[in-house]
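Heads up, the chain shows up twice below as structure tokens, two forms, tagged structure 1 and structure 2.
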Structure 1
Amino acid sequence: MAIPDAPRTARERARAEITTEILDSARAHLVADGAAALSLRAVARDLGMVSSAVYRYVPNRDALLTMLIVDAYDSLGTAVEKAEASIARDDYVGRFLATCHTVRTWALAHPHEYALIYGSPVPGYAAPQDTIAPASRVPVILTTIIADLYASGAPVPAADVPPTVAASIAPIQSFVDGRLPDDLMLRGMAAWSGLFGAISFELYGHLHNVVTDSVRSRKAYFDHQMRQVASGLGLAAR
């Protein structure tokens, strides 16, 4: 029988509440001023706190950015994992499209958080190791769908890959313990780029005068593009 977690102390609850308030204020400044202008002093003013008090919860601006980045990746990852898990395991196209549409829906609802994690790097900020696992959640889902397809015995595209290229993707092959042929993994990486490229084009106005500017048209266009990507991956093979 599992032992329930001990109730948090009043001090721990207070710290969690203040940290939440700090993040809420930081998100508001992210919308109003952008990531590069994020300031702990401004957050402290919002909360009616002196700067020294805020530093007890967040040591510096970079730590605050990291908290926002991790929170954004986790928010996106949770939404995608829930949507993908609701689709039958042998419906590879359905799992892929659920993933793609959920990423797009989240991005349109959280454009500033999307820009923080998939837009231009913040000057002077270097993401720490803490961001790697949260950032991997969506790519892991995508590679898992492809790995499941391959493990099912379905016919999938295959081509020779130059040794230098194969060696270059060793880090991402570790996500699936090398269970995917290099060519299929490369196709998966192209799909990953295509997914976020399509969303970024839409979010940052690059589809203006290219695709009709209506909710229905944009969604239909995106769905068609992602179905083409799925076809290229061989996800409709069975």
Structure 2
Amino acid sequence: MAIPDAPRTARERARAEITTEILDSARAHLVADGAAALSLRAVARDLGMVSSAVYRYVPNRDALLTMLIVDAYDSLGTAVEKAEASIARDDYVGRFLATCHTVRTWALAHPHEYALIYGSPVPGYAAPQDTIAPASRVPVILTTIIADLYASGAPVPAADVPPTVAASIAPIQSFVDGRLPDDLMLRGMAAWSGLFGAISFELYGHLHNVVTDSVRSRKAYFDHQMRQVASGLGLAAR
């Protein structure tokens, strides 16, 4: 898997270079006009190539979008990991809130990229294998915070949950070897989907005429909601 030792031949060198140029141009178009407007021909024009030449590097438009998806997940993942790592390990609320705010800030700064990864996928689009690792970086962080909180011995929600519900989250529980109480895990998942639900609503305009449309208000609203979510996780405020 690891890159052997950089491209050796001139051809491999050129191929790697042009491939990244294609990706850069595609990303620029995505940022500027969104995924729907991304055109392989426009990318080709950017690089001074003819459209068919691009197909030597990218099998089709979908593949290019997939690369951009991986790209976006990684960009978000890196930002969140960095922000979360800067908080004291035993400040669980702080780590959670830093995660939330970083996701939101990233989303506001990269709306088209956010829409690409958390918006409606194209009908038949099936996420290829290479997207799932980058896609799980944020969930992994959230899970880690919760697992750390639980390991710290702090009081966390651990009520019984109906067997069918417990069974439904078997897949995710297997990732943490069932170390977390079902109740806590379920609340963590609610936090996760609540986080992205809140951001999507804000970004897609559903808060229009609902929450004052100013940077200050929107941030205060989001912060409050995420604090509420945190308290539901057993993360005492402050």
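Rigid core (definition): largest C-alpha set, two forms, superposition within 1.5 Å. For clarity, every value in this text was computed on a predicted model and none was experimentally measured. Numbering for residues begins at 1 and runs along the sequence of structure 1.
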(request) Looking at the two shown chains, say which is the form predicted together with a further copy of the same chain. (result) 2
(request) For R27, decide whether the Cα shift between structure 1 and structure 2 is 2 Å or greater, given a superposition on the rigid core. (result) yes
(message) Given a core-based superposition, decide whether the C-alpha of A37 shifts by 2 Å or more between structure 1 and structure 2.
(response) yes
(request) Taking the rigid core as the superposition reference, indicate whether the CA of A220 shifts 2 angstroms or more between structure 1 and structure 2. (result) no
(request) Give me the C-alpha shift of R13 between structure 1 and structure 2, core superposed, in Å. (result) 5.0
